[in-house]
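Take a look at this single chain in structure tokens; it is the form predicted on its own.
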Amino acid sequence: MRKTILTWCLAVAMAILPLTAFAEDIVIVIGSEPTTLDPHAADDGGEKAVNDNVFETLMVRDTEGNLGLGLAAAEPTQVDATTWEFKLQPGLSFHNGEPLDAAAVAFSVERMIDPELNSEQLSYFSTMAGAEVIDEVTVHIKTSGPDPILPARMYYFMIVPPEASQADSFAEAPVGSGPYKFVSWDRGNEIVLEANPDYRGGAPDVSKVTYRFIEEPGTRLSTLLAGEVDLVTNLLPEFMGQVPQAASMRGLEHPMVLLNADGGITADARVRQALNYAIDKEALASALFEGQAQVEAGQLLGPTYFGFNEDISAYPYDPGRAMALLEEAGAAGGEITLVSTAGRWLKDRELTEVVAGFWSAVGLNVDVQIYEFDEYLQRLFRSEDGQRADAIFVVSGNELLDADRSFSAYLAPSGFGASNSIDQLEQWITTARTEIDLDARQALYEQVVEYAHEEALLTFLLNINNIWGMSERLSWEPRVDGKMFVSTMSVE
């Protein structure tokens, strides 16, 4: 009888109290839908937002960015100049029961560098040459030359199950080892993950997380204010005072414009320099971002990155100088194409349009082309015929906090986002990658920074803050790298 009464009372209470009083699930809104859920295939922020919770890495970082142990049981050691040894925690497994052992790590390394995969992430792993299984929990990762930052690279490198990752469905239904398991993907609408009850250390507080994809920032705000969602990314600075909770932190994202040094109107360095002089970056930071951004110091690196050149600063705002350079280059009144996307990064469309406005103000005819994210990526990544738009807006992130990733991706001619064919840059960047003398390595990167600045291979813009809007019930501490680990969230 007592059990029956208690059951009846609980049912009545659940009918009367709001559902959120018992809810342990949350909804997160991101600006773009992932192009894939294969963690090795794409350089895609939407994919990472989801897969950071499904897959795991050998190394991790804390909220301040300090490197620590993930799947690794001990600090990695160098066996020789081109070999790093990693020891795994014993007894690990993937969600489908496959062992997460040295063989799985070696398989993941070989998969990442396989030319058939043609991974967009190779700029993060440019030195990886292979792997060798030593025993069940010991693996050697081989590099093409000495690589002093391989442990930091392993923070970004996700380990996949050898069997499940070979299935045709893996890119749409991933299998990992992390605190959350993949449940479903309703394309165009949502992705659902659920807590892994068998996760070492115990299941996380949030039992289910649903990811929704909303490009328009006003719509993201309205869903948060209506209580439909718990966390929105890329909250506009002007909305920070309207939401239940807002969080802002200087992040790792650097908006810039890639300029084609090989052809078109931007092949002339004077034109590229003019494009930099034409933009009032202080106004972008203060007016467009309401102080939630800092002017970039004339280079594709933040002050805390290895390779930062303290002697280089931002191009000053000088529209007169910009017009004189355009006239000198015979480009006054010329046409320039600017490719971009919308919804992926904070104020990406607005920033693109304001940049175009500054360029128009110095006499150029600017053709702004905004594409859906997957179409945009096809124009960002170097095509087989090498054809590039005059200018491509992109936001560069760099969790390695080392110049190699940024330079390998956007300045080395072999990089997926590079818009030049300058052999000297390739030589400097390749040499620096395997230079173990830190002073010599720093000097090489400073040469790259100086050259790229003088030649204006990019239009250098800002370093923007990460801004989130949160519901009243969500408790979460943002991270310097912008990652959203749901296992660190709770509902009150």
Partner chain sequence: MSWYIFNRLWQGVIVVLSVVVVVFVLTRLIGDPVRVMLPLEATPEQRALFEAQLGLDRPILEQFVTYVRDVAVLDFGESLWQRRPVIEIIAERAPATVLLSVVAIAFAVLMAVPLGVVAALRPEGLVDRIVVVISLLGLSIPQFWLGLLFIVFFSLMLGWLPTSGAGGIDHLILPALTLALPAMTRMVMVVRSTMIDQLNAQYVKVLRAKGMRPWRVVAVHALRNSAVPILTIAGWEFIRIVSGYTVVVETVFAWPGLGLTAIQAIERQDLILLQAIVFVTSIAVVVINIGLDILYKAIDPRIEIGSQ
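Residue numbers count along the first chain shown, from 1. Keep in mind that what you see is a predicted model, and the values were worked out from it rather than measured.
Beyond what is shown, the protein has a form predicted in complex with its partner chain; the following relates to that form.
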Check your understanding: in the model of the complex, do 225, 378 and 416 all put a heavy atom within 4.5 Å of its partner chain?
Key -> yes
Review point. Does the 4.5 Å heavy atom contact test between residue 198 and its partner chain in the model of the complex come out positive?
Key: no
Exercise for review: Indicate whether its partner chain has at least one heavy atom within 4.5 Å of a heavy atom of residue 240 in the model of the complex.
Suggested key: no
Exercise for review: Determine whether any heavy atom of residue 405 comes within 4.5 Å of a heavy atom of its partner chain in the model of the complex, and answer yes or no.
Suggested key: yes
Point to revise | Partner proximity in the model of the complex: residue 360 to its partner chain, non-hydrogen atom cutoff 4.5 Å | key: no
Revision key, fill the gap. Exactly one of 209, 409, 346, 159 comes within 4.5 Å of its partner chain in the model of the complex through a heavy atom, and that residue is 409
Practice item. Report the residue, out of 309, 143, 165, 123, that has at least one non-hydrogen atom within 4.5 angstroms of its partner chain in the model of the complex. Key: 123
Point to revise | Stretch in contact, per heavy atom within 4.5 angstroms of its partner chain in the model of the complex, of 257-265, 94-102, 112-120, 77-85 | key: 112-120
Check your understanding: Even though the chain is shown alone, can you say which residues of 28-48 have a heavy atom within 4.5 Å of its partner chain in the model of the complex?
Key -> 32, 33, 35, 41, 43
